[in-house]
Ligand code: UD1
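Consider the single chain below, provided in structure tokens and representing the form predicted on its own.
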């Protein structure tokens, strides 16, 4: 097959989105909308890719995240034909096949584009484009054919008659075309239409007038060519994408107890035999190992879980790393920079931040561990706080192996507790504690017998 080039149209304002953000930068499945067709295009290994940008051009470039693409600026948005014409500087002398894609069509597959290219090449066509049949074709250009089924032209909906609007075969806006013909035809089209724009679809009429070979390829799953122009369509596409992602993971050996309430973004990775409960969100670059168990109502962003980790009900994990056999929750919050070793237990209402906790250590109740390093097999009692901030600067706390920290203790950073140290209940630790030492605060316990009776008698007199 000849060399391949791709033109990706990403210059549209997206007026119906009612947003200052370029339409192609709205997020779908955790990624910018246009990244999906771009990824599909790159899978074809084209020799060149040109992305046509306009509104918010610099923001689109910044979000691209890939190298080796040519950026083409459409300074004034004057229609799809004008947008494609702007790429002549990249493809004017190109001798291969060109594919034209829209940046707001995220579900188009590599298989469908390969089918388009095969037909285009085998039939030695000048122009081949994708069509589909929709029960509700509103918003799309219609395919007009004669009684023999031969293509006559493509008419945009705003220029269509009422009879033409009833046609269910639509133009998907995806083309394979000869560069030589494309840029010549674009010079001949006009903007004599209701939108006063230069339509890319007019190249179909130009090809037919010139006697060029024009082909259409009908796609079976019309969802592949669905574009996004409104927030409602974005939400619908999110639902379709989630169904595909969830199905893919279930086929790969992951159990989703309630797929309808499980939200998994595109970049997430999950090991087999993991069980995921309802109302779970797995976002960003989250990676989950094998045989993990997530009870439900979990919210994970860029979290890394090794195998056999158990997340109990309602936990939040962000930018953290958890080793095998750890147990987290319920109602725990692991903030960025947290690293939990093997068999660590982090329980009810425990919050960590920039915390490195060694193998086998436990913090099971009502604890804040911020800017801290904890050794192996330590036990942190309920109500313990590492006081890491003095109002000007943050400091770290170091807790050694096998340290026992009693409930309701306060560790004032910077402070270090040696191996096997023991912190008595309700102790405020302000200075380093040597290995094997007991640290406690002197307090005198006093008991006043009969106090309650006297107090009640006094209060009754005041009421009278």
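Positions refer to the first chain, counted from 1. Since the structure is predicted, the reported quantities are computational estimates derived from the model, not experimental observations.
There is another form of the same protein, the form predicted together with the ligand; it is not shown, and what comes next is about it.
The single contact residue among 74, 178, 338, 361, judged by any heavy atom lying within 4.5 Å of the ligand in the model of the complex, is 74. Checked against the ligand in the model of the complex, the residues 102, 274, 262, 128 give one hit for a heavy atom within 4.5 Å, which is 102.
With the partner omitted here, the stretch from 300-308, 150-158, 243-251, 379-387 that lies within 4.5 Å of the ligand by heavy atoms in the model of the complex is 150-158. The candidate spot formed by 326, 368 and 403 is out of contact with the ligand in the model of the complex: none of the three has a heavy atom within 4.5 Å. Although the partner is absent here, residue 80 sits close enough that one of its heavy atoms falls within 4.5 Å of the ligand in the model of the complex. When the ligand is considered in the model of the complex, residue 199 lines it closely, a heavy atom lying within 4.5 Å. At least one heavy atom of residue 229 is located within 4.5 Å of the ligand in the model of the complex. Contact between residue 172 and the ligand in the model of the complex is found at the 4.5 Å heavy atom cutoff. Taking the ligand as it sits in the model of the complex, the stretch 8-46 comes within 4.5 angstroms of it through a non-hydrogen atom at 9, 10, 11, 12, 16, 23, 24.
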